[in-house]
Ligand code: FAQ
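This document starts with one chain, in the form predicted on its own, laid out as structure tokens.
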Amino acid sequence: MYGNDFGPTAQASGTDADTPPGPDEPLNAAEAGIFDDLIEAEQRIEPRDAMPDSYRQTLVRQIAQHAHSEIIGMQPEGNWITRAPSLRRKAILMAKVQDEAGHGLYLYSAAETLGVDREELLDRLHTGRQRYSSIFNYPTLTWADCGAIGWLVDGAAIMNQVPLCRCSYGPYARAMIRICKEESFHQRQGFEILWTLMRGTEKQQAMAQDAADRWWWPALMMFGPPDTGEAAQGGGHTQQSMAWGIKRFANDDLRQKFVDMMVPQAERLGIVLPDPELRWNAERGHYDFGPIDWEEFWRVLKGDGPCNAERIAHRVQAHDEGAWVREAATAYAVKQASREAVA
């Protein structure tokens, strides 16, 4: 039993527990009241609970984008599995890429509990109707990039995703618990790669510094555009998502926490972060940092990044080449079901 999945919600609203209102059916007053009460009480919303369609669609958009990011995110580092500098590094990197595939599976499964078909979500990705994190449209030029991705990109992912373990939607929150544990391993792996390089030759140190220089600003963009202060008046999803308990912190707040966390780690590594305005502000109790190039963010997000076309083309090719596996699995499932029906 999880949350309200077997609770009084359906009975109180006068509906069958297994048949909540469909995605396009508006809630009646009793159902809307129960939903609001659950959100107010910090309770979990479960698949069979009645929920507003706007809440459902917000979750589909967010979970799908998250799932897409996980499977597209396999590509930048998967490119280095055969070129990793040792058998140990290959094994660790293969485990990490495999983890990302598993994260995508958990998240697509969570999205399916909202009544959307996985094939439809993949089609939206392949045709550009849904997006993934812009960070994965940057190339991995050297082995040090695998370290920078683990340290910075997965570090930013952890900062974003740990609060999602308290998301108001049960299946998403539960999926995030395991994902965050594995992302923590990924971040430590990246740190260890850079730690080793920064204690190597001058060329290795320069390679690590160059990777950090290229990935620092895209990592800060991962949290999304500004959404506090004046930016909060310009629309966007943050305010409503926070009111529903889907998000717990604003993009800007998470970005500041990330900077505060990473500066001491960079000092420990011996890496100089590429921001001349980065300095401790005793009055605020936080690090100040320079302006982010949001024009670059939007340009990459809209498809004009270094690897946008390459990433999608590779993803579509892999999907098409795997069609026979899906067909075989479906045929096997039908065959097994027929045998069980006869038995």
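In this text, residue numbers run from 1 along the sequence as written. Nothing here was measured: the structure is a model prediction, and the numbers come from that model.
Keep in mind that the form predicted together with this ligand is not shown, yet the notes after this line are about it.
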query: Site test, 84, 145 and 204 vs this ligand in the model of the complex, non-hydrogen atom cutoff 4.5 Å; finding: no
query: Any non-hydrogen atom of residue 286 within 4.5 angstroms of this ligand in the model of the complex; finding: no
query: Residue 168, heavy atom within 4.5 angstroms of this ligand in the model of the complex; finding: no
query: Distance check, residue 131 to this ligand in the model of the complex, heavy atom within 4.5 Å; finding: yes
query: Partner proximity in the model of the complex: residue 70 to this ligand, non-hydrogen atom cutoff 4.5 Å; finding: yes
query: In the model of the complex, segment of 263 to 271, 112 to 120, 94 to 102, 194 to 202 with a heavy atom within 4.5 Å of this ligand; finding: 94 to 102
query: Single option in 187, 209, 140, 160 placed near this ligand in the model of the complex, where near means a heavy atom within 4.5 Å; finding: 160
query: Proximity to this ligand in the model of the complex, single hit among 221, 173, 259, 180 (heavy atom within 4.5 Å); finding: 221
query: Within 4.5 Å of this ligand in the model of the complex: residues from 48 to 83 (heavy atom criterion); finding: 61, 62, 65, 66, 69, 70, 73, 77
